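There is one chain below, alone, in structure tokens, taken in the form predicted alone.
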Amino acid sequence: MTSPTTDRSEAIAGALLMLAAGFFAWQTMDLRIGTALRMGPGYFPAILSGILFLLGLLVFLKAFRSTATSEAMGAIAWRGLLFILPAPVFFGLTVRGLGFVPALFLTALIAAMASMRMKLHWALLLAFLVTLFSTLVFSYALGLPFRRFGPWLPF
């Protein structure tokens, strides 16, 4: 039988999550929280901070219950980082100029290319379906007031 060991990386990750939760909870101290039926501006951030703290606590406690030796971390997925991280930035920078539909399509296409196994035709289909679904939900069903096609486009 193996003795329990401490996984330092999990302990540090759990502690950082709990610190982040504490910081965000502290930021909501001046906001009115309200109740579940009459939510104030601080209600949602306070609930998310509590959930983040509990998640951090679970990760932290798991670090001390680990009986298996920790495995070495694999190689960094540079392709994923180079495609996933810039995708929301691209959307934020282009949504007003291109409009919701083309900006979302290109963003989904950029993010889909993060996988080395993703073929171009599947990435195009995925981007089309995400754009179609999002346009139907946000523009038509919810009626959010945004431009589907922006001033940078000739039509």
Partner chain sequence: MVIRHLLGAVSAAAVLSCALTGAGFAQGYPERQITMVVPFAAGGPTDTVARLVAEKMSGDLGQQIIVENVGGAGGTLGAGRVAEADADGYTILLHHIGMATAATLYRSLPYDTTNAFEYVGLVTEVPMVMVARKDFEPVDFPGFIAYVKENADTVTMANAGIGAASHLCGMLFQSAIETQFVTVPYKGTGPAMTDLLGGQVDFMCDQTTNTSQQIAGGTVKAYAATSPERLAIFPDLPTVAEAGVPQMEVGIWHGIYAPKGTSEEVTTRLSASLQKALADEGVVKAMADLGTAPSPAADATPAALKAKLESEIARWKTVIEAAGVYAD
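Note that the coordinates shown come from a computational prediction; the quantities given were computed from them, not determined experimentally. Numbering follows the first chain given and starts at 1.
Not pictured, yet referred to below: the form predicted together with the partner chain.
Does the partner chain get within 4.5 angstroms of any non-hydrogen atom of residue 65 in the model of the complex?
-> Judged by the heavy-atom cut-off of 4.5 Å, residue 65 is well away from the partner chain in the model of the complex.
Pull the contact list for 131-145: residues with a heavy atom within 4.5 Å of the partner chain in the model of the complex, in sequence order.
-> 140, 141, 142, 143, 145 sit within 4.5 Å of the partner.
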